[in-house]
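We begin with a single chain expressed as structure tokens, specifically the form predicted on its own.
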Amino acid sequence: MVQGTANFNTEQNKEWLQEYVDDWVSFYRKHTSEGEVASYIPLLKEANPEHLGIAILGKNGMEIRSGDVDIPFTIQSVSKVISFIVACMDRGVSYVLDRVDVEPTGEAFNSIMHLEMKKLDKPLNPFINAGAITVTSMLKGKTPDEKFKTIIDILEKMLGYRPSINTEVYESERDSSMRNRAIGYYLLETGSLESDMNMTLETYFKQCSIEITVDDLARIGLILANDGMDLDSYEEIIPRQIARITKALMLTCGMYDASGKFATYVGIPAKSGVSGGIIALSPARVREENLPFIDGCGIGVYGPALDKQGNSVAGIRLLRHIASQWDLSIF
């Protein structure tokens, strides 16, 4: 574990930490061969499976970046975090959680088996596809563009610029996503959708196709780590209650059906996407040791080679190592 009496918020120690992270990224890059890029969305198959990058932004101003950090990728299921936040801000937490539960599923992210077999009256959580599509249907707006604008607007506040859609990925996802259309029809039949199914799905495909970088993920993670407040402007972008509920859901449901293992072995709130992105965060910790990012941090990871659960193979290994070495776990 990196520890001692040094103040890590110095240029000298930043160089030291940078060397550590560079070595770790280089070491874990070899594990990309254990996974495969997502293939069910044709455009995602074009990603380089050997890419691996990480950005870590601290509350104290410390910033560490290593590996393939300049490569844009689509946000995919990480967008479920944003749509959930927006729906709660627009509709109220109670309204949203009356319609989507907060329980882990133990099933694949695109499964509806548990809904049909258990005759549930609502999806188990907002981070599986059935729950996310239900949440998207709650977004304000009478057209897909109006609904989508609510997501882009809050992202612009958090990131300081207005992200755009990767049109090619959006069209690829829209034209090939038969499973999500099947989920949409099921939700329509059960009365779970609050807006037209086609409009809801179009919005959902658009939100998944927003193009971002690991820096963007780390920036969002840092805001969540700070209970929704932007540390530059001191503006409360996300109400504290919603930020805290979101972090709890990220910890328990954010890594698909590997969420339990991730919470056990890594121990920080996180959400993955099938493009290989992971958003993670560590809040401020009370420790006797002087540790890097002890005041809290946001983390963005990109590694498009995925495991069977749809999570970045090398990205998870890298996060587990960093969380262990720097004692980032919330437990």
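A quick note: this is a predicted structure, and the numbers were derived from the prediction, not measured. Start at 1 with the first residue shown and count on from there.
One more form of this protein, predicted together with ligand GLN, exists but is not displayed; see below.
Contact check at 4.5 Å (heavy atoms) against ligand GLN in the predicted complex: all three of Y40, K80 and E173 pass. Looking at G273, you'd find a heavy atom of it within 4.5 angstroms of ligand GLN in the predicted complex. Mapping the unseen interface onto this chain, F84 falls outside it, with no heavy atom inside 4.5 Å of ligand GLN in the predicted complex. The closest non-hydrogen atom of S195 lies beyond 4.5 Å of ligand GLN in the predicted complex. In the predicted complex, ligand GLN sits within 4.5 Å of a heavy atom of N180.
Contact with ligand GLN in the predicted complex, judged as any non-hydrogen atom within 4.5 angstroms, is confined among 147-155, 225-233, 240-248, 204-212 to 204-212. Note on contacts: among S259, S137, N129, T105, the single residue with a heavy atom within 4.5 Å of ligand GLN in the predicted complex is N129.
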